[in-house]
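Quick heads-up: it's one chain on its own, the form predicted alone, in structure tokens.
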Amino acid sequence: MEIEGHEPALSAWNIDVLEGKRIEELRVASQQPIADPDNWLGAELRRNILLTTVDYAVNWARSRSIFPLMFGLACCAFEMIATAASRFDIARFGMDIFRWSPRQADLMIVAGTITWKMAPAVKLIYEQMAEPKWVIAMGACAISGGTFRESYSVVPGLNRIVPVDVYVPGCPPRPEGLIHGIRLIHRKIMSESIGKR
């Protein structure tokens, strides 16, 4: 006699058969390994962790926080000043303010004709800048003396006084030329090793 809601009592043999069927179903279903539940972790780490070198990290920070020292000596200085104005806006390169103290600057932009009387001041200011430091010679006069190179009082190139990293040619060079020179300084900074400086 069956009671409603209850299964009939199974014999030991039937229990073994049912258990065998369950084991066989599990064996058939388990031919492939179960996916690793932590498999998402590798992709998440690759997406959220950045591996780099100390050189790259330091140079990236340096190249985006250059403090220029404005050394305008002649007509090229007007183009240098225009580069900092709203139309060309060198603040987008991390160069918000021109520094007037060499101790706060790491990029010297020499724009214009350098006379031998001014040369000691240029050298002194360069020596007062903290390392690492870079120099841009802006304009034909700063690069080679320009139209005044035959004069007894004009220095025939800034590289006679201090080491120059980038030359921006022109008489006077346009602000776009100076921006290109700044981008070249960025590239130079990114290629340096902090151990060799």
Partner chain sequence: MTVSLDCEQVAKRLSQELPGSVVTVEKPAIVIRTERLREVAEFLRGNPDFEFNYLANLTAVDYLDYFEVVYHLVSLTHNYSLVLKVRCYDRVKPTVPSVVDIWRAADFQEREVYDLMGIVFDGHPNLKRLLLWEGFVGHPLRKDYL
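So that the term is clear: the rigid core is the largest set of C-alpha atoms that superpose within 1.5 Å between two forms. Residue numbers count along the first chain shown, from 1. Owing to the predicted nature of the structure, the values given are computational and were not obtained by experimental measurement.
Note that the form predicted in complex with the partner chain isn't included here; everything after this is about it.
message = Within 4.5 angstroms, counting heavy atoms, which one of the listed stretches 126 to 134, 61 to 69, 161 to 169, 148 to 156 is next to the partner chain in the predicted complex?
response = Only one stretch qualifies here: 148 to 156.
query = With a 4.5 Å heavy atom cut-off, would you call R92 a contact of the partner chain in the predicted complex?
reply = Flag for R92 set to no.
request  = Although the partner chain is absent from this view, report whether V17 comes within 4.5 Å of it in the predicted complex, heavy atoms only.
outcome  = V17: contacts the partner chain in the predicted complex.
ask   = Contact between K117 and the partner chain in the predicted complex at 4.5 Å, heavy atoms?
value = Output for K117 is yes: heavy atoms within 4.5 Å of the partner chain.
inquiry  = Going through 13 to 31, which residues have a heavy atom within 4.5 Å of the partner chain in the predicted complex? Please give them in sequence order.
reply    = If the 4.5 Å heavy-atom criterion is applied to the partner chain in the predicted complex, 13 to 31 yields W13, D16, V17, G20, I23, E24, R27.
inquiry  = On a rigid core superposition, would V17 pass a 2 Å threshold for CA movement between the shown form and the other one?
reply    = Superposed on the core, V17 moves its C-alpha 2 Å or more between the shown form and the other one.
request  = Align on the rigid core first; then say whether the Cα of A130 has moved by at least 2 Å between the shown form and the other one.
outcome  = Superposed on the core, A130 moves its C-alpha less than 2 Å between the shown form and the other one.
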